[in-house]
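Single chain ahead, written as structure tokens, the form predicted alone.
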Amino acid sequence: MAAVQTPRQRIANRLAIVAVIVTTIIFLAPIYWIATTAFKPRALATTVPPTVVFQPEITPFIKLFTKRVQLTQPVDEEVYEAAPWWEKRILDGGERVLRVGDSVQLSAYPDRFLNSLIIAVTSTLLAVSMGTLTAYGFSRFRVPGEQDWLFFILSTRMLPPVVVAIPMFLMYRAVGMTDTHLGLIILYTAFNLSFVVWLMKGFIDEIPREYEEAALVDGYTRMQAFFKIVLPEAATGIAATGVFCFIIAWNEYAFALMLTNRDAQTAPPFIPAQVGSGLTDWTTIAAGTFLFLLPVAIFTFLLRNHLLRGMSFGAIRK
């Protein structure tokens, strides 16, 4: 039979449910605002109180992917009628699309988005692979000064990024690595490495050593036992760690703003710089942010089962 709850327990449960609902609303409110603003007409983006019911449009996304300038004179009626439907939306907003001959000039957003993808994926793969090997070494072997080394690795995360931003910029400028993909990849890999080592060490510690010892008795080498025994057992932990590393690298703003300006610039510093008709275009910024959120959401959704198992891995101890 189920235990009968006392009035105090029922009240506590209801308060807990209310707290969860309120917390969820607080965390989802910015995402809701971004998603709705991305489809709003520009005139409704900053209304007070906010406009909830409106006719959705894709003009912000058209602006996001095209280069535009403000109109200095009215457009001829013949030119307006000959323009494609999507360009008419730009003209109605007091801007025109830049062209080179008959070709429309695209904005830098696709390149910045691709830069973010390349840098985040590469740095995540490097950090997870190197950090997992390091964590395995700390977990399975006696390392002189192990606790000191682990503390030293953790200490690299004790300072906020802004504290080391200027020294990093001076060093990168001295070696010619500013505005390069390699520079950000190395930086993000180093930044996430300590996180991976500590997290993966906890996961590997929970894998019984007897599995590897049995494999070694059967003739496996240490590396074969690692790849065929330890990695499959730690797959959920690796997936959870990879998700967190990808999110950190994907959303990083300060170093990307300071160390890049064109060739290797990622999307976070580029999105807030969107300006239209002389003013900040919040609908275009929201459209860029909305698209920027999709890869992380999709990546997390695809790995949701591994993520949930990885977060609870080792929770039940012998």
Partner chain sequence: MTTIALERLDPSSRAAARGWSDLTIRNVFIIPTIVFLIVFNIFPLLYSLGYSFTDFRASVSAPANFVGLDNYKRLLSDPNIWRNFTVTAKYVIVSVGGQMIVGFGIALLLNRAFPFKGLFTTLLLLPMMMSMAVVGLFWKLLYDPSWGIINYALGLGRFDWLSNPDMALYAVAITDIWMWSPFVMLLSLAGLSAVPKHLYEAAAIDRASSWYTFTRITLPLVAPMLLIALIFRTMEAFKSFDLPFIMSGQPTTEVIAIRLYKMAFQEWQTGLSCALAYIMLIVVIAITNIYIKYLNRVKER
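Take the two forms, find the largest set of C-alpha atoms that superpose within 1.5 Å, and that set is the rigid core. None of these values were measured; they are calculated from a predicted model. Positions refer to the first chain, counted from 1.
Keep in mind that the form predicted in complex with its partner chain is missing from the display, and what follows is about it.
The stretch among 72-80, 239-247, 94-102, 114-122 whose residues place heavy atoms within 4.5 Å of its partner chain in the predicted bound form is 239-247.
Shown alone here, Tyr211 lies farther than 4.5 Å from its partner chain in the predicted bound form, counting heavy atoms only. Mapping the unseen interface onto this chain, Met258 counts among the residues with a heavy atom inside 4.5 Å of its partner chain in the predicted bound form. Though the partner is left out of this view, Ala43 does not reach within 4.5 Å of its partner chain in the predicted bound form, counting heavy atoms only. Contact annotation for Trp85: none of its heavy atoms lies within 4.5 Å of its partner chain in the predicted bound form.
Along 60-84, not one residue places a heavy atom within 4.5 Å of its partner chain in the predicted bound form.
Relative to the superposed core, Ala108 undergoes a Cα shift smaller than 2 Å between the shown form and the other one. Annotation: Cα of Val48 displaced by at least 2 Å between the shown form and the other one, core superposition. Core-superposed comparison between the shown form and the other one: the Cα of Pro167 travels 2 Å or more. A change of 3 Å or more separates the two forms for Leu302 and Gly202: their C-alpha atoms lie closer together in the predicted bound form.
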